[in-house]
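Encoded as structure tokens, the following chain is the form predicted on its own, with no partner shown.
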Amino acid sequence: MITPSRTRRRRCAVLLAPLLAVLSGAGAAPAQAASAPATPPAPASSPAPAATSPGTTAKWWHNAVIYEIYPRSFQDSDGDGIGDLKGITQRLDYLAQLGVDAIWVTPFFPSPNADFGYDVADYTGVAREYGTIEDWDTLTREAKKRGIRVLVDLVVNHSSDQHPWFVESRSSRTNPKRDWYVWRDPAPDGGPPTNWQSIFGGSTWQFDKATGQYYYHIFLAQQPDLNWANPQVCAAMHAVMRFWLSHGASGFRLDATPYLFEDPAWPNDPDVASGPPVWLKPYNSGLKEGNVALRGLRQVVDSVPGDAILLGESSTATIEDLRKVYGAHADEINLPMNFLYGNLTRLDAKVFKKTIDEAETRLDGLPPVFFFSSHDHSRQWTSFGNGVDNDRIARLTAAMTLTLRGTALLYYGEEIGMADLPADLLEGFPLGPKRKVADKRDPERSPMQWTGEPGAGFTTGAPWLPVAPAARTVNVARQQGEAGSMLGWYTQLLALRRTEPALREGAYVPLDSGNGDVVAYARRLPSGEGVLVLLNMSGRRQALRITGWPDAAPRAGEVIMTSAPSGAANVVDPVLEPYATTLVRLHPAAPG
């Protein structure tokens, strides 16, 4: 019997071999997958970073806007009802006009689609429904021409149970790849080795009759966890990264980074029902061994030219835990996603003020990552909207995310005010080859609303998910020619983020609004120039008294953006309309 090697804590090698055999995996046609070379060519040079003031050392990602694309729902180029890589390429001019710095493309690998691509059957292939590796190369090449970088969503914690690696691993206890996954003997009573619960429900253990052991999966049973204590696994994943970097990727969004290791003592959970949430358990989330693995991944992206990065799905319980994910020497994940902010779903100024202040002041100056909507999160139009003031609230949440120091993530369609699909529409939508399972996250994954025509400009065929009825009036084509549209609001915010010096390089200044319903902060340069941000998170008119300036308070400014015009700028005791957002350009305080 092979004993699982989870007690081994050797540092992963930085790619010891080309690993051609382990990477060639089944599930892709020859034209769709290529072998990872031992020494892949360096990726083409990345686009020039956004402008910064002379003498700054800021990297492009310190203040980037990264736009998440769920390719299945973004743009269908061939009429089969499923979005694809060619479709993304067709929309690059739109993304450039919007003003994003990079796009993050969620998994497009061959997959059985038990979790729509996050169950990977071939790490270096492209699923037929999304196109070919040549389509990917075209996408990265055309994106570069427009100054847009492209990130691959890399699923590092687990593979599909149909990946050739796992097929070999479960074939026998003596197979060379047995230890590439996490296998344990049954408990003395014959049941699962521990009482741990999966993030997707049920036990984290699946019994394999053929070999008499259980394998571990923190997500679906069809997504067995890789054994990151095995140096061969580390080397194989490093080779995957080098493959995509050689094909024009500018980095990776790393999926499920907290779960790479488990407590080698395999303790039972003393409080399954009411202890920490299942995604933050101390025995299988955020263990220190994971930091070693993340440093190895960072070394791979740092070893190639072009300033490639790691964006991490890094759910943590505290801001202190989030700081650890960057690495003690900022040598792990460049941009760990701040779920302490992203998981907020209620407009509460006191909570937002505390959360933002922590992210801006307790990460040792490293760039925080702010977001709301995503393929896993309800769209912010739905989660924050009250059914009456959704437009103003959406402008407020957008302005907050896009005026803070650090990196902002946008989710496709957020910029036009897309909402979650209605539950009754999904209930009546049939399952089939395009949509094998009904996922609780389907509401936020509906097709992009490009036009008001049938198919919403997304497809000429039958879409894999229904198009929202709101697409008739909420769509890109309409808003591009509409004064004061949501798309115009986002485009203006992104332009200010690039051109306003204080929003590019200014320090974060936590302020006191004198009102528990209003969030106030500023971005400020050493010269005293800056931008004051005022956000009324209530449905009532609010009077403010702005204090908390670290030095002389500014006395004058000019409104540069507002969702509710209220006259001349007032930087001392302004009044805000319900759910109003106001950005004021500050002038330096007069001496004396």
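The first residue of the sequence shown is number 1, and the count goes up from there. Small disclaimer: the values here were computed from a predicted structure and weren't measured.
Not on display, but discussed next: the form predicted together with a small molecule.
Engineer: Heavy atoms within 4.5 Å of the small molecule in the predicted complex: which stretch in 407 to 415, 282 to 290, 115 to 123, 181 to 189 meets that?
Structural biologist: Of the options given, it is 115 to 123.
Engineer: Residue-level contact is defined here as any heavy atom of the residue lying within 4.5 Å of the small molecule in the predicted complex; does V155 satisfy this criterion?
Structural biologist: Residue-level check for V155: yes, a contact with the small molecule.
Engineer: Indicate whether the small molecule has at least one heavy atom within 4.5 Å of a heavy atom of K353 in the predicted complex.
Structural biologist: Because no heavy atom of K353 falls inside 4.5 Å of the small molecule in the predicted complex, the answer is no.
Engineer: Please run the contact check for D376 against the small molecule in the predicted complex: heavy atoms, 4.5 angstroms, yes or no?
Structural biologist: Yes, D376 lies within 4.5 Å of the small molecule in the predicted complex.
Engineer: In the predicted complex, is there a heavy atom of the small molecule that lies within 4.5 Å of any heavy atom of E360, even though the partner is absent here?
Structural biologist: It does not: once the small molecule is placed as it appears in the predicted complex, E360 has no heavy atom within 4.5 Å of it.
Engineer: Any chance K59, N63 and H329 all have a heavy atom within 4.5 Å of the small molecule in the predicted complex?
Structural biologist: No: no residue has a heavy atom within 4.5 Å of the partner.
Engineer: Please identify the residue among T459, S314, S111, Q223 with any heavy atom within 4.5 Å of the small molecule in the predicted complex.
Structural biologist: Going through each option in turn, the one that passes is Q223.
Engineer: Consider the chain as shown here, without its partner, and state which of R149, R72, R253, H217 has a heavy atom within 4.5 Å of the small molecule in the predicted complex.
Structural biologist: Partner contact (heavy atom, 4.5 Å) among the options: R253.
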